[in-house]
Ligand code: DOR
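Listed next as structure tokens is one chain, alone, in the form predicted alone.
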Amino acid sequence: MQEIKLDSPFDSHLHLRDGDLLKTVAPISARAFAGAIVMPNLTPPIETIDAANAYKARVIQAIDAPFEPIVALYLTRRVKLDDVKRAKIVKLYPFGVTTGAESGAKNIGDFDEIFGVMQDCGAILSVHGESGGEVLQREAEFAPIYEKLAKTYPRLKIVMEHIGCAALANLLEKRENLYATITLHHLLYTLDDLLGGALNSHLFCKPIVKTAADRAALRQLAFSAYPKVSFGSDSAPHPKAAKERGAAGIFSAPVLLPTLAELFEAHSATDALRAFVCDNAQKIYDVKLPPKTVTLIKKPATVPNEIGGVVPMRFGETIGWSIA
């Protein structure tokens, strides 16, 4: 049987929520990955190292497999410099751009002192890069902000999260300190999948999936094992009723590695999969992960329609690969 072995795969961008939903979704990611960067946009947001450590403990309590959750610090006006100095990842949300961004930045210039401290202490700045403009242009409109940050703080490692357009993909060659994460759904889907027939609310996310040309630019990076990009799922569960009312976020965790294997195989890029989901992230983030080998086998499996009240991506479909 055909198989692919992955050494300590890592999810560079993951939402696990809290409470009962955390207990439902965290074991799914822990089965497939050795670790993840876990997003801090909870209610209330994670603004202190103490809060990050407490949330990490809740994540570990919810799982039953070797898994290292690295909890990012939410950058708000209330964040203290002492906490920034102790953080590995600091997450910048522009105000109101996505779920839980009500505490986000209204003026990025307010954080100049923090950015200077971060580049001195080696913390990584993770950014949800969208403007408040027309929906298809929001990422492209944010590109000048990325360039200004990268130029002003040349020793600050800046990760452009879940990039969905060619304009941001092109920035990677322009600035040495810019990196990016790419999701499965931005590699797989376009606006036609979201809106071309009936509206598919389960494919609605922020940033929105875009054109075939944008998708092609992202695929070129992933399929070539480009060293400045890593896989970040942006798996973001919502209860079914909330999702069907238009909540932004795709619950992709149950199908990530099998679908990636299927996609990379279809484009004769299987050799690049290990770099995309394992090697690149471990180098970019300098993470130490528990030893874990995940084996994918070419065995079809059908995705359930619902998991604990949440509808997964590709529900009802059959995927040609499975986790052994």
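One-based numbering along the sequence shown. All values derive from a computational prediction rather than experimental measurement.
Just so you know, the form predicted together with this ligand exists too; it's not on screen, but the next bit is about it.
- Heavy atoms within 4.5 Å of this ligand in the model of the complex belong, among the stretches 210-218, 148-156, 173-181, 235-243, to residues of 235-243.
- In the model of the complex, none of the heavy atoms of Ser201 sits within 4.5 Å of a heavy atom of this ligand.
- Contact check for Thr98: a non-hydrogen atom falls within 4.5 Å of this ligand in the model of the complex.
- For the chain shown alone, Met118 is not a contact residue for this ligand in the model of the complex, no non-hydrogen atom being within 4.5 angstroms.
- Not displayed here, this ligand is approached by Asn41 to within 4.5 Å at the level of heavy atoms in the model of the complex.
- With the partner omitted here, the residue from Ile163, Val90, Val71, Cys205 that has a non-hydrogen atom within 4.5 angstroms of this ligand in the model of the complex is Cys205.
- In the model of the complex, Ala248, Gly249 are the residues of 246-260 with at least one heavy atom within 4.5 Å of this ligand, listed from first to last.
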